[in-house]
Structure formats: structure tokens, C-alpha cells
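Below, in C-alpha cells: the form predicted alone, a single chain.
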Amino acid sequence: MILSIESSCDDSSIAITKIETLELIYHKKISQEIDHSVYGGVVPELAARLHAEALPKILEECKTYFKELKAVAVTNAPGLSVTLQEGVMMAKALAISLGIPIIAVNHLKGHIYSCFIEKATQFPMTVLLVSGGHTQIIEANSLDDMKIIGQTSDDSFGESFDKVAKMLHLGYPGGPIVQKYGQNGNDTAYDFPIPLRQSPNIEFSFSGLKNAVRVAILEEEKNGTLSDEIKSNICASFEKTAVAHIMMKLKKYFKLYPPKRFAIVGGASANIRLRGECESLCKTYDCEMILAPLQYCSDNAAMIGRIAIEQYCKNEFTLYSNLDIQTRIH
């Protein structure tokens, strides 16, 4: 079995996966959403302290499996440096004490493998990765052959939801809250501009849209009309525009390179509107659509354990002394 650790942001998670059968034996995640909601976003130092409390508690429940472990896997990139460090330190201590190797896992590749938890891989496939930190189109051919086709030049799809929720004082995380408010709103109430509409490039940008929403909110506040109905209309109009931006770029790419398989991964892949639009696009191109189960869309150790099996079988181990953290993807 492989024990995997995830602490790249604000979710403390540990999983244990059987190498031969891919069976997920154990998985637990402790979310920090309530602790960070007061601040409208993740506070790195607070997240690190909460990881230091939560990870040992989860690990305590895994002791009965220690004798069967062949390796320990840990997210080491990308993410918040202070939170990544908590997981890496635990992985080093555990690997040294048990005399087993360490597998360093790229968090974003882990999201791609969230589609294959307890399943065989299905490559090649085109991937849309949407999360709080990233928005990317990736061509994934194998574990070691993944190419970023296009990505955001500023804010991510998920981050823009968090920022809109914060501006409207709706709470954190923004994704599910904005979606809930939007379901009760009129998505044509505000004509927000679709970013990069005239650009032929496969790239994303959400800062301009976020600013347009900010201006609309300020105007409503100035007029004293920022009611729950108005908030719902803003959320619906923003969500419609943000998804339209992604779909416009996806359609351009599908027209050039129609895929046989297409997957949406990452925490923001749980968005209902985005899933529905992508499903329609895949039907148009007779393309198989692959989705991770909803419980594995956000950060979790199960996906880290799944990709770690692939790395284990290829002997992709990292020396304790060489295991370091990387805060950005390269």
C-alpha cells in the first residue's frame, strides 16, 4: 500500500491505496473552510497551523496499515509554501521511521488522476483544469507526457468566484455560494464583457470580468439597492459570463484539435453550468467526457495516492535530502 498526504492549500488529507488493485483503503479529509471564511479567503499562516494540528490526528488512524506500506507519497508542488512544508515534513519523518521511499507528487497532475481513482487510466485525453489557483487546457498523453496548451494570464476561474463572493459579502469558498445565489438570479440582468472575446489565442483572463463585477456592485451600493435579489442577479450574470469565456476558448481548440476524450478536473470542475456546457460540446464532437466523482474534485489525498501508484511502478522516488517544495508550476 501507499500512504499519501495532501496539504497544498487548506485541506488536510491522508489516503491509503492498494498498489495492485488500485483500491482506496482509507481516505480522510479535514477542511479548513470555516476557519478561513471569516477572512474571505485562505490565510497561509493559519492554514499551516491547522495542518500541523489535523494531519497528525488523521495519521493516528492509519497506524494499523504501517507494516503494509511500500512508500509514502506527498504533494510538493505547486501550492502555498508554508502548507506544503507541513505535508513534506510529515512524509520525511514517516519515510525515515518506516524505512520506505518517498514519492513527490505534482498537485496538478494529481487532479488529472482524480478521474482514475480505483480505475485504470484512459490516455490520451484533453483536460480542462479549473481550480482556485489554475485555469489550464492540458493535453495529457501519459504520466510523463503532459503539455499545457493554454492557461490564465492573471486570476483563475475558481479564484474569480471567491473574489465575487467576497465583494458581495457572501462568504467563503465562493464557488458553491455564487452558484447557489446564481440559481435564483437572472443571468441577463448584467451584460458583463466576455474576456478576450476578440483574441484568437487559447488563453484565459478573469481580472477584467472581476473588475466589471466590482463596478456593478459599487453602483448598486451607491444607489442603496444591493438586495439579495440583486446579488443573485450579479452572481448569475457573472457565472454565465465566466463559463462563456471558458467555452469560447474550448470551442476554438476543439475545432482545431477535436479530442476523443475530454476531462474536467479541479475544485471548480464541480460547477454545474460549466459541466453542462462541456457535456453539450462533447456531444457535438462525439467525444467521451470524463469526470471525477464530486467528492474528489477538490484537493484530496486519494488523487495523490492514485498517481503515486503510477510513479511507484516506474521507480520515481525522491531522496529525503532532495525532497523540496515548489510553489509554482513550471
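Keep in mind that this is a model prediction, so the values were computed, not measured. In case it trips you up, residue 1 is the first one in the sequence shown, and so on.
Below, we turn to the form predicted together with a small molecule, even though it does not appear here.
- With the partner omitted from this view, the residue of 278, 55, 290, 270 that lies near the small molecule in the predicted bound form is 270 [heavy atom within 4.5 Å].
- Of the listed positions (187, 155, 86, 162), a single one reaches within 4.5 angstroms of the small molecule by any non-hydrogen atom in the predicted bound form, namely 162.
- With the partner omitted here, the stretch from 170 to 178, 113 to 121, 146 to 154, 207 to 215 that lies within 4.5 Å of the small molecule by heavy atoms in the predicted bound form is 170 to 178.
- Though the partner is left out of this view, residue 131 does reach within 4.5 Å of the small molecule in the predicted bound form, counting heavy atoms only.
- Residue contact with the small molecule in the predicted bound form: residue 282 places no heavy atom within 4.5 Å of it.
- The small molecule is not shown here, but in the predicted bound form it comes within 4.5 Å of a heavy atom of residue 297.
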